[in-house]
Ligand code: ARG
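One chain comes next, on its own, written as structure tokens: the form predicted on its own.
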């Protein structure tokens, strides 16, 4: 008989009901975390005198064997990994011993703890992979400070920029994503264990001890909040959704740039496919899938938000449905970050095609208007009017054409106000356009070099923070392992 149902319930659910209620598939993700949580809880129970030394030893030995056998050795007729694991333990060591493991806790605080422990490691892994992506972006940018290319607004040629400037825009966006993930990690790094069902427990447990043994920074202040909230999950998936949006924007550029119309890059064969009928095709499939998987992650966010909406305190079974969306989202975003890093790191950049494209679309018009303002003192809006008239006419700007237009518009010649042919020629040079834009954030080579140095400095701090977090978790795990060996 099911160890959970045998007291209160007498009729077992049929297979269809079991399939409907089971979380065993999603629980594969938290199996190892569940074992760690069980070990920490049992050690604490023994140290508090709640279970005997003999029972502690038997339980820890049983948990070790279950961990070695893996989740596939558990009875899948149970609705979740927690009860399946406990049932297997009781089968191994007897109920008089194994039945004591669950003292002072509930599945509610247990599952919340397991999810948090597992998610913490996923967040750290994602941060590492994101740092690698930023690293390859700034490495590539460092080779292209002077690779002139068109900048776009509304997908129309706008102003000259550099490939370095473009790639650094993406790098900065991903650095903000990393900061958001770091914040989500801090909010995930809280221990719910000891909250029990929601009202804590009458056993004299030590929550600080399990917090220490599991490597959490702190324990939840309120037991009802501890088991009820999934805000850490919503926050994390929100971070994933934002990052996927940024990845999708970059993927869209890679798709456009690799087309025949642009011809700015060629993606490596590993990140491309061909057609089953058109042998000449080289398709940017990985970038396209990244773009599509953004919708998948956005969908998980909406799903979890909807599941959690209007749930009364404290625990409700609805929360079980949120967890698979979390794992799907984190697996998707981590894979997408790795794909993006690979594409950027292996793509062929066609500098000549990029530079040649700056000759199209009168992209130096803004600088020409600025030069007119700086040389003649007329208002920018008036200069905008004059240069806009040249663009409409489709003529190449010369001093004589500008004088004719200015006579019509302001009844004065710009040459009489200080504009020269040389100033016009310099304004129409894309390279000079870029070089002049050296203020903070601009595309000039000196400024993009400064931006790379700034990002490298920030990456160094992020890496140290990740290392500290790993060290704390690993030290706690090592400590727990040593204690378990001692108590076995």
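This structure is a prediction, so every number in the text was calculated from the model and none was measured. Numbering follows the first chain given and starts at 1.
We do not show the form predicted in complex with the ligand, though everything after this point is about it.
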Candidate stretches 311 to 319, 250 to 258, 413 to 421, 273 to 281, one within 4.5 Å of the ligand in the model of the complex by heavy atom: 311 to 319
Though the ligand is not shown, can you say which of 294, 406, 161, 108 has a heavy atom within 4.5 Å of it in the model of the complex? 108
Checked 146, 80, 225, 129 for heavy atoms within 4.5 Å of the ligand in the model of the complex; positive is 80
Distance check, residue 477 to the ligand in the model of the complex, heavy atom within 4.5 Å: no
